[in-house]
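Next come structure tokens for two forms of one protein chain, structure 1 first, structure 2 second.
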Structure 1
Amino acid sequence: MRLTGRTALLAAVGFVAVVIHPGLWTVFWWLLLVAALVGIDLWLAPSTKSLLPTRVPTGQVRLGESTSSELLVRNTGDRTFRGAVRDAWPPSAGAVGERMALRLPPGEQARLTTTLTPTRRGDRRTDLLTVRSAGPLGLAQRQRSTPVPGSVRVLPGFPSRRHLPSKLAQLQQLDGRSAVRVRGQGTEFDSLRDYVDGDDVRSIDWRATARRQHPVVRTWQPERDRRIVVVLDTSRTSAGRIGDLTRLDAGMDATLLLGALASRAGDKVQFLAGDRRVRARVSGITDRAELLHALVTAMAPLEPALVEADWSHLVGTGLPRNRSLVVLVTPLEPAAIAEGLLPVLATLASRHRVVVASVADPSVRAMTGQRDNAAEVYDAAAAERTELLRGRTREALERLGVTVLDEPPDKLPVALVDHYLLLKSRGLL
């Protein structure tokens, strides 16, 4: 039961009666009258159980975009329902319009819509559905809360997709399919053409030159059908927040941009995410649209786990035997790298081309230059030590032949695909 403002107003009117007829009996009889009216109002209010709710399944939505959750309610009673319905969602679902007034005649059905603009990735699940049934006097309401299960899956935002057109243009130039037909420096033979000034004399095909009686050079195209394996670290080190997002979300963004570009280049993309165990895997998909959909769907429910990554398990179970480009998306945390990743990197780098993509915190770098007072000097000293340790870790990785990309969240996706294009143009995949 819930009392409304009308009940308080009616009780306040009793002061007039007390002024006219002062005495405790006047107060008693007035309060008794109010209680009787409240009881009659409650008795006349339709039962909340007469409202039968059914939730319409909500589809997926990308982080930052809006969708709607629909609820069908049918009045199964024999009286008109007057009241309100609240379809509760967690704050991270960004629900708007979850409280709705409702007037529903017997036997009819209404569709209630709540707009959702989620602020966090993952599965956002509904809370309780609260129904309030008001009596004809408006003094009191019957209230009942019941679970009506539902959820919305929030996919990664993929903000770096704005860079995809420009990177595809670079890829087309490498691939020799652009309007200017610039040939790449790959290792797969493409065609023969006449020699022009500036061509590398090592590219001259002497047999073709002898046949045509003028210099002819070979052109090459970037390698295709190579394997790209991205391993996304979901251990405790990926839980650190940089701005509004975790390192894990920033790593997903870089992975999606690389996956989208590599699939357009005709390479085979394999994705693996995990810490002590494999939490998501995508492999064997050649269709570009299907691959991107599979990647965002696999990433959506991933959350950082407060455990250390078991790299020997991840690398031992998820990598192909053929030489591949292996991208390890993991923070460049010195202790975690030294204890978990370094022992397996020597063997891994001997069999594959390895890139470590790390999300750097720009606030740490900015902190090193702020020394206006004693507190900032202490902070700068701590930041300098952190940068020094990260630099030593980077040098240790590079001595093993590993390429390290340590960039802020907004620059890491571009740095990663630029490195991929560089390797592809040089035929090093």
Structure 2
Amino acid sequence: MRLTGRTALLAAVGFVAVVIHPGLWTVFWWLLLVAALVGIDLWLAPSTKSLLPTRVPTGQVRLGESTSSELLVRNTGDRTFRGAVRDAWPPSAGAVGERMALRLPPGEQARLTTTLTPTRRGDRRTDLLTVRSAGPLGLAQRQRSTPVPGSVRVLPGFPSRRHLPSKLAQLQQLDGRSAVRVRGQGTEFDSLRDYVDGDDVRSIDWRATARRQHPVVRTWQPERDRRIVVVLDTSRTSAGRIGDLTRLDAGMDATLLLGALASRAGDKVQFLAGDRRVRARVSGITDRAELLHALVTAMAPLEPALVEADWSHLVGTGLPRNRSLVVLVTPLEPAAIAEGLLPVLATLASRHRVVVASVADPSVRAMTGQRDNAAEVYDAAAAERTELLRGRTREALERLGVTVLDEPPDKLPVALVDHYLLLKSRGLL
């Protein structure tokens, strides 16, 4: 049950009665009248159960974009429904217009739309659906909440998508340049074409030249169908917040850019995310568009967990036997790396080409330069110490033949992709 403002107003009208007939009994009888009217109104209000809601499934939405959640309500009662409906979403779903006034004649159906602009990645579930049914006098309403389950999956924002066109152009350039390049390690035979001035004479295919009666050269292209495995760390160190986003989100961004580019380049991309256990896995998808979709869908529900990563388990379960490029997206935290990653990295680096992509915190670097008073100098010393320890960890990793990319969130995706392109151009994959 719920009273409306009209009830209070009706009770306030009683002041007139009190002035005309002063006395406590006037107040009592007036309030009794109001109570009686409220009771009658409640009795006359159609049941909240006469409204039958069904939810139209809501799809996925990329973080920062809007979608709408639709709800069909049918009035199964024999009286016109007047009142309101609230489709409750958690705050981070960014629902606008979740409270909707409704007037529905018997037997009719209405479509209620709530606009969702989620502010956080992950699955957002609806809470209870609340229905208010007003009586004819508008003094009181019946109210009831029932679960009408529904959810919307909010995909990672992929802000570094804007770098994709320029990196694709670089990739094509790489292809074109490789076509005239000499044959080298990591390149494959592509096709035969007529010799033009400037081509390397060493690439002339004599057998074909003899057949065709004019010079023909072999062209080469960068190797294709290489394997790339991205392992995303979701352990406690990924929970660190830099700016507005966690390290995990920054790592996802980098992973998506690499995945998008590598799939265009014809490489096989595998994805693995986890801490003590594997939380998400994408493998065996060759179609480009499908891969990207599979990646964002797998990443959407990931959240940092307050546990230490079990690298031997992660690396032991997910990696292919053949030589691959293994990208470990994990922060360069000295203690966590020394205890968890270093022991397994030695064997891993001997079998695969390993890159550690770490999200650096630019505020630590900024702290080293702030030295205006004693307190800031202590902080600067602490920041220098952190950098020093990170530097040592980095050296330890590099001694194992691992490439370390330690960049702030906005630079890491580009740095990772650039490194990939470098490896590809040199045929080192």
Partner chain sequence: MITRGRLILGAVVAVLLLVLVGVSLLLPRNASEPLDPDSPAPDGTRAAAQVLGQQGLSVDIARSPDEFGARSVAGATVLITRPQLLADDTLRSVMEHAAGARRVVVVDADPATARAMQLPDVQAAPVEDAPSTVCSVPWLQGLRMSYADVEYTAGSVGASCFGEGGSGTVLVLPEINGGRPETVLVGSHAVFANKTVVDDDNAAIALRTLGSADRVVWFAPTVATADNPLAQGPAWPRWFGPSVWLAAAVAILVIVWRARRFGRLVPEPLPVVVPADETTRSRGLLYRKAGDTARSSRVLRAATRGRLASYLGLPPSGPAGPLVERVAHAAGADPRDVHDLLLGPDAADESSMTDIAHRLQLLERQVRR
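Here, a residue number simply tells you its place in the sequence of structure 1, counted from 1. Quick caveat: nothing in here was measured; it's all calculated off a predicted structure. Only the largest set of C-alpha atoms that superpose within 1.5 Å between the two forms is called the rigid core.
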Inset, instruction - Just flag whichever of structures 1 and 2 is the form predicted together with the partner chain. - result: 2
Inset, instruction - Indicate whether A382 shows a C-alpha shift of 2 Å or more between structure 1 and structure 2, with the rigid core used for the fit. - result: yes
Legend entry - Rigid core superposed: D199 CA moves 2 Å or more between structure 1 and structure 2: yes
Legend entry - Displaced residue check between structure 1 and structure 2: R371, CA, 2 Å or over, core reference: yes
